[in-house]
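A single chain comes next, written as structure tokens; it is the form predicted alone.
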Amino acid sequence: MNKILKDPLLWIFLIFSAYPFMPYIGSFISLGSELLLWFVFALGFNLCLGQTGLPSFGHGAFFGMGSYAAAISFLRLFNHDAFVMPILAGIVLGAAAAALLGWLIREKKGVYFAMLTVAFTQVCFGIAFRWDEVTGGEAGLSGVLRGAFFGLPMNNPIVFYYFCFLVFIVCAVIIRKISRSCFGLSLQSVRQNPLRSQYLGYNIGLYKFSVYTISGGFAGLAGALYCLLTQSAYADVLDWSKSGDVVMATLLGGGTVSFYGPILGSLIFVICKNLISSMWVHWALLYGLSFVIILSFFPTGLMGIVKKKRNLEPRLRGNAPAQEQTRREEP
């Protein structure tokens, strides 16, 4: 029981379960829904960056494809009362696109891997921006309505918030299970020493392909939820800047050293984008400066500061130094 109470994920769930009832900030229900889908997006992305060490700077493509898949399936394929099918379409298309790209670049490393993912994102952006018959081109797709789900009116912002909250709970538990499984530990081995992992018999290319596909599925899910949140889909979500946002949020929070880093980084990013931007038009300058300053002094991000402090505490108490943990995430 004591171990459960010390689980940070439990406290995150409790805080966001009460979000709609919090003073002042609780009135921004759409902001809360956006936070939750960004948590899913960033946690899924961190399977590539933090867990496997893959510099995927084109994850916005899968997010955008999930958004377009949900919009197109709602407007042109299924009944306008459909709610689940657009979300499933987003997951499938996001995972399929990630599988295609992941198979093509599975043997690439470093900057070559990163630049190919960026190029793929821009190709997708160009197609969405120009293909008027399917994507609506520059005007995008609008008119997406949130139907009922098991009799619950999803057009109600609070009901939709708790649906996103439920999706976040399921995804967070699944992603943490993946991170702590034998598969997840193998991904850490690939990140730390790919050559030694290959000598031990690991199929490096297959591991990269697998985790990239899984991560793309979570990005597609987040994109589909974003489509339902905004009730539209535009080419902007496919731009390389969307990929840069999730990279910056993950690194700022400390996703390379902590499972919870992407959640913290996404929280800071979304709040800056939505609340600070309403008070100051140059909010990106403040966010960018904080990103540069924090990573200059603490390359492992905000959660890296926390972990460093926790490792110093035994020494300050006169105890033996804590042994370096082999696993990334906290208990």
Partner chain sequence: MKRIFWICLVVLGLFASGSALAAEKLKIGLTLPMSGLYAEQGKLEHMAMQMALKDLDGKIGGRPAEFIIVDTEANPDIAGRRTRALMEKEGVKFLLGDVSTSSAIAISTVVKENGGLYINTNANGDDLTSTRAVRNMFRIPPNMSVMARAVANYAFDNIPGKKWIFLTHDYSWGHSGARWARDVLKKRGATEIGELKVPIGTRDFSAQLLQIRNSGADAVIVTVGGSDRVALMKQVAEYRIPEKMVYVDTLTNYVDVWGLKPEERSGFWAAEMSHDESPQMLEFAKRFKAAFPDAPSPVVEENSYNGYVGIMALNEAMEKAGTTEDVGKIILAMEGLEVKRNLRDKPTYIDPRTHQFMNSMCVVIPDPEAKLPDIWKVVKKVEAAEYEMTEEENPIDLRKEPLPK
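Positions refer to the first chain, counted from 1. Predicted model, so just to flag it, every value in this text is computed and none were measured.
Here the subject shifts to the form predicted in complex with the partner chain, a form of this protein not shown in this document.
Student: If we define contact as a non-hydrogen atom of the residue within 4.5 angstroms of the partner, is residue 260 a contact of the partner chain in the predicted complex?
Tutor: Residue-level check for residue 260: yes, a contact with the partner chain.
Student: I'd like to know whether residue 213 contacts the partner chain in the predicted complex, with contact meaning heavy atoms within 4.5 angstroms.
Tutor: Residue 213 lies outside the contact set for the partner chain.
Student: Indicate whether the partner chain has at least one heavy atom within 4.5 Å of a heavy atom of residue 24 in the predicted complex.
Tutor: Yes, residue 24 is a contact residue.
Student: Although the partner chain is absent from this view, report whether residue 147 comes within 4.5 Å of it in the predicted complex, heavy atoms only.
Tutor: No, residue 147 sits far enough from the partner chain in the predicted complex that none of its heavy atoms falls within 4.5 Å.
Student: Based on heavy atom distances of 4.5 Å or less, which listed stretch (164-172, 88-96, 217-225, 133-141) is in contact with the partner chain in the predicted complex?
Tutor: The contacting stretch here is 133-141.
Student: Heavy atoms within 4.5 Å of the partner chain in the predicted complex is the criterion; list the residues of 224-239 that meet it.
Tutor: Heavy-atom contacts within 4.5 Å come from 226, 229, 230, 231, 234, 236, 237.
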